[in-house]
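What follows are structure tokens for two forms of the same protein chain, given separately as structure 1 and structure 2.
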Structure 1
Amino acid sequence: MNAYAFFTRGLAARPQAPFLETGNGRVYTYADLDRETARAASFLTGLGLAKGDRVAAQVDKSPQALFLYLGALRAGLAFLPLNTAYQRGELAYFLNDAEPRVVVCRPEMRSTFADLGCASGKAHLFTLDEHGGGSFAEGLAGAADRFETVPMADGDLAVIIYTSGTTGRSKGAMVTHGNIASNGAVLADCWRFTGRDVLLHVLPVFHVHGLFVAIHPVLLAGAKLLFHAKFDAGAAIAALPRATVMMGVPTYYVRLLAEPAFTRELVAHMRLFVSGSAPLALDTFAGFRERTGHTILERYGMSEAGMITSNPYDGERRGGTVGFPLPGISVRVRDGERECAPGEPGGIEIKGPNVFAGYWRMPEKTREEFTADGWFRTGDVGQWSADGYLSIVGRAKDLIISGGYNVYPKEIELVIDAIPGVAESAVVGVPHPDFGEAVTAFVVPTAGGALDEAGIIAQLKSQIANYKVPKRVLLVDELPRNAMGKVQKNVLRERAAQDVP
């Protein structure tokens, strides 16, 4: 079934119920949702796009951005959300790899996308600004506001989400209609969503947390979104009295706790706070409980699989763990071929209707990431407690998570190494009070190379997404290596933590 049809199956019963309210108080009802997504779907198909064609969007968060996503789903097109922080080089790769037939971008990026060939017959290029205006909106004005949702099979492609890789090359995770429909239903049920819920939506809508986890259960339940353009602690505090549920990355909870106005009284009526995308520090978990009386529910997921495990709604939500496998999803922890006993760390492998269909045009990479018996290797290291709670205790993949965004050191190292005057580099994550981990680079200059920290940072800012840019660049004479010649990143992490080059 088309996931949009599944999410909105109760829509006819509640056309006038509010679906989304913006930070400025503009309200869209479920009838508006139906009309706006129909318009987007009609317009896109009117351009000649057919089932499976890609629609890429690098746009600011707005109701229209969400209608674009849901309209693409309705039309059976594959949606390709792109982080607004991505720069030209990153975008060139995605466009070349995914070959979208439609690209929707911010007005200020139009010339970049045109330059990348998007306006030259390869793709239709439109703009959409933060207020919902632009050439895409103009196109929609003439489009039909009724649309027969295109039937889809569970295995049909719905969304491509690019995740960077340990080799430095990004992979497009192919997420199907069946993946998002099943996961949305499980979350709506496990987290007890009802039509009375109001979810404070402050996450970006170009990754699975903000696009899937915080939207699909709301649609299924006929609940309402308070839809903010971005996370701002003050604005969140002002909105919380009208919300019942909030979802966020740990940084949001750290920032809320830093505000004296974030009090127990303010959130006494709240039903649920959910955290994920990065580890929730125990002191944040405990501090939140002490301040508010609420126990944050931590869950674990990834682009390739949506949500995998969750602490229980009823029952003990245990800090430092990500709870139990969600219904219908199997999780095992293995050391090689052997299942680990409780307390023993191993690779987390998963199976279930939530697991993606593979990496876009990378059959070999896909094969590598699945075991012979069909389990997906997450690249996360976990361990069970004796009573069945899963903890994430490390990562087999060389990955930094900063403020909920993934940064692959290899990708940054390749860009740094291309800077004239750099002999080699190594990138590590170091603990950071706000972002959880901060990107730090160690750089070895070539003999006579004239490099400094500010210069390197400035160069990187023009080439890669801002959250990937190292917060510190430490110049060193050489990188520590083991007997095999491999860079000892643990040694660098220790040095970086003390900031001693």
Structure 2
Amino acid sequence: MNAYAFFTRGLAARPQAPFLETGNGRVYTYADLDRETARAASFLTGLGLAKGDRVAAQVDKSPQALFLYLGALRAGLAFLPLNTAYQRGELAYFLNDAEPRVVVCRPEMRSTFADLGCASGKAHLFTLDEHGGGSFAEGLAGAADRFETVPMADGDLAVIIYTSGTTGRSKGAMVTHGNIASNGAVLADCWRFTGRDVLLHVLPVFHVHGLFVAIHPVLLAGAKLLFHAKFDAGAAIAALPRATVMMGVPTYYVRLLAEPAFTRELVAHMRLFVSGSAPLALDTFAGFRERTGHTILERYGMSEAGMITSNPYDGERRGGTVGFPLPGISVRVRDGERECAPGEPGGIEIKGPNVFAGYWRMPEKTREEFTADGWFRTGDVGQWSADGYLSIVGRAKDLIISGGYNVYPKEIELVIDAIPGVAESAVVGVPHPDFGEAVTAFVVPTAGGALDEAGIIAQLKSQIANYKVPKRVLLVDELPRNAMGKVQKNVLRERAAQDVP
């Protein structure tokens, strides 16, 4: 089934229910959703696009950007969301690789995309600004507001999401209609979404977290979005009294805790706080619970599979873990061909209806990433607890082999983060003539924290094996992060190699 049809199958019963409210109070109903996605689908197909053609968008967050995505799904087209931070060189690669028939960009990027060959006959080029204006909006004005949703099979392509290129050429994960429909249904059920829910949406919409996880369960439940252009702690605090659910990256929760106005009374009515896209520090997890009485639900997902595991809605939400496999999804942890025992780290492999169809135009890479018996190798390293909770130890590419020993950065980071005066840390490996790789730590002190390299190393030597103790500890003001809050360890490795914090 077409995923759009699946998500909106109850739309006829709720046409006047509010679907989305912007930060400045503009409200769109579910009837508006139907009309706006119909216009987008009509306009795109009117340009000659057919099932499977790609539509690329590098645009600021707006209701119209969301309608563009859903309209593309409705028309049977493959949507290609592009991070607004991408620059010319990256964009050239994505355009050449995906060959979109339509590109929608911010007005200030139009000349860049035109120079890259858009608007040349191969691809139509349109603009869309943060307010929903631009040439794309002008085109929609004359488009039909009724559209017969294109039938699709579960295995048909819905979205291409390019994964990080920090370890080489970026790969386009081919996400199908069946992938996003099944995952959305599981999340709506497991996280107990109903039509009474109001989700505070402060995430970007070029990423799985904001585009899939925070949108699809809302559609299925007939719930409402408070749709803010970006995260702002003050604006979030003002909006929370009208919300029941919030999803965010750890940085958002850290910033909320820094606000005196973020109180237990403010969020007493809230039903659920969800964190993902990056590890949630244990002190943030504990501090949030102490301040608010709410326990953040942490989960685990990725571009290639949507959501994979989740801490339980009912039952213990355990800090430092990502819970249990979601219904219908299988997870195993292996060292080579051997299943790992609880407490033993290994590669995380997954199987289920949420797992993508493969990498766009990379059949050899696709084969490499799947086992002979059909499990996808996530590239993450994890371990089970004795009672079945999964913890993420790190990325396989982040594994440090020092003097022949395997060193998992997460283990060391947890010990460093427990040192008084440490706000957060990140551990990487850098080439070393004797050890192969040397463990190097970057540490952010708390405000007023009195830390020094020798003192941190001395404390670590009393707590962990010597081969795990960093050879260098570099104090920094902050850790480099991408738009979703993930620490950019490739940047840290470059800094460490130059010995420049």
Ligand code: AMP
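Rigid core (definition): largest C-alpha set, two forms, superposition within 1.5 Å. Here, a residue number simply tells you its place in the sequence of structure 1, counted from 1. Being a predicted model, the structure only gives us computed values, none of them experimental.
A.B. asks: Does structure 1 or structure 2 depict the form predicted together with the named molecule?
C.D. replies: It is the first structure that is the form predicted together with the named molecule.
A.B. asks: Where is the hinge, among 397, 144, 287, 134, for the turn of one rigid part against another between structure 1 and structure 2?
C.D. replies: Between the two rigid parts, the hinge is at 397.
A.B. asks: What turn in degrees does the smaller rigid part make against its larger partner between structure 1 and structure 2?
C.D. replies: Domain rotation angle comes out at 158 degrees.
A.B. asks: Once the two forms are fitted on their rigid core, how many angstrom does the CA of residue 492 move between structure 1 and structure 2?
C.D. replies: Residue 492 is displaced by 7.8 Å at its C-alpha.
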